[in-house]
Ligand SMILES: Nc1ncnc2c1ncn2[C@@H]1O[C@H](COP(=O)(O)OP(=O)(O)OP(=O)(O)O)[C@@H](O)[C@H]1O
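A single chain comes next, written as C-alpha cells; it is the form predicted on its own.
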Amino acid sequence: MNDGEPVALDEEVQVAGVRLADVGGMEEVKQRLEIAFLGPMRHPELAKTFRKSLSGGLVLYGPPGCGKTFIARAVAGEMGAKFYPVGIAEVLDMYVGNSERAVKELFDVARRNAPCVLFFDELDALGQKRSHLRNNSWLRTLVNTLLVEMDSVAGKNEGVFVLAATNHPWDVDTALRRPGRFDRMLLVLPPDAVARASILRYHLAGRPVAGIDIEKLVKATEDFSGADIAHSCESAAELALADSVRTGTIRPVTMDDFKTALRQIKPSTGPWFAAARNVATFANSDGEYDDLLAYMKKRRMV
C-alpha cells in the first residue's frame, strides 16, 4: 500500500498446479468435495435442473497441518481456475485503517483473474464473531465488508469461487455461514493410512534410506497430521546426517532413526480434538458437526 491506497495484487494470483489426484488417500474428502462443490460447478445445467445453487463458499475445517490449503489449491486445479491465497497477516498488516477498500480489492483482483478461487486462510481470525468484537470497531467493519462482498459474488456469479480454511469454525461469525456465503463445511481429518504412506514417501524421496518399512511407519503415525509426519522425516534425517558428519561417511536414514524421532514427537492433533469435543457434543444442535462427532465416536474420543 502506498499513501493509503491499496496496491494491485494481481501478481499474487497463482496457477493452481495440482489436482485432487495429487492428494494421497483422503477419498471421503474427495467424494464430499465432488458432491457438495465440484460436481455442480462442472455441470451448471444439471445443477440448474435440480435447483442446486452455484453460489456460496466452502469452508475446510479440522486440525492444523492436515492439508486444508493443499486441498483448496487442488480444488482450483480441478476447476481450471487460478488460485489466490489470502492470509490474515496480509489483510491486517497491510491495510490497517483501510479495511473496506482492502477486502474489496481482494475480490476485485479475483474478478479480474476469473475463473479464480479466492482462498481465505484462518477464516476464524478474519471473520470472527462480531459479538467478540464489541471493543474493536475496525474488525467489526472488516467482517461487515466481507459479508457485503460475499453477497456480491453470490448475486453475480462472476467466476469467483470463495474457499476458506479454519481450525476453529465455531468462532466464525454466524452471518458468514448463511446461504450464499460460506454455507458448506467440509471436515479435513488427519491423513488416513494411504495418505500417510504417500506423505512419508514424498518426504523420504531423494534422501539416502535403508531398510525403511513404510507400513510400520504408517501404523506408528496414526493421528499424526501431515506436518507431524514431515517433521518426523526431518528429525530422522537429522540423526543420520549427524552421524554422517561425525564419521565422514554417508549413513542412510534407517528405522532406528525413526524410532528415536517418534519417541520425541507426539501428534499435534490431540489438543485440537480436546477443544473440539465440547463443540461436537454439546453445540451441535443443527447437525453441522455430525461428521466430526461420528469420527470422534468411532475413535472413542467421546
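Computed from a predicted structure; not experimentally measured. Residue indices: 1-based, along the sequence shown.
Form predicted together with the ligand: not shown, discussed below.
Contact with the ligand in the predicted complex, judged by any heavy atom within 4.5 Å, is made by just one of 76, 110, 146, 199: 199. Residue 26 is the only one of 237, 59, 26, 33 with a heavy atom lying within 4.5 Å of the ligand in the predicted complex. In short, of 170-178, 211-219, 80-88, 225-233 it is 225-233 that has heavy atoms within 4.5 Å of the ligand in the predicted complex.
Within 4.5 Å of any heavy atom of the ligand in the predicted complex lies no heavy atom of residue 162. The closest heavy atom approach of residue 106 to the ligand in the predicted complex falls outside 4.5 Å. Contact annotation: residue 22 falls within 4.5 Å of the ligand in the predicted complex, judged by heavy atom distances. When contacts are judged by a 4.5 Å heavy atom cut-off, residue 66 counts as touching the ligand in the predicted complex.
Shown here without the ligand, the chain has no residue in 234-260 lying with a heavy atom within 4.5 Å of that partner in the predicted complex.
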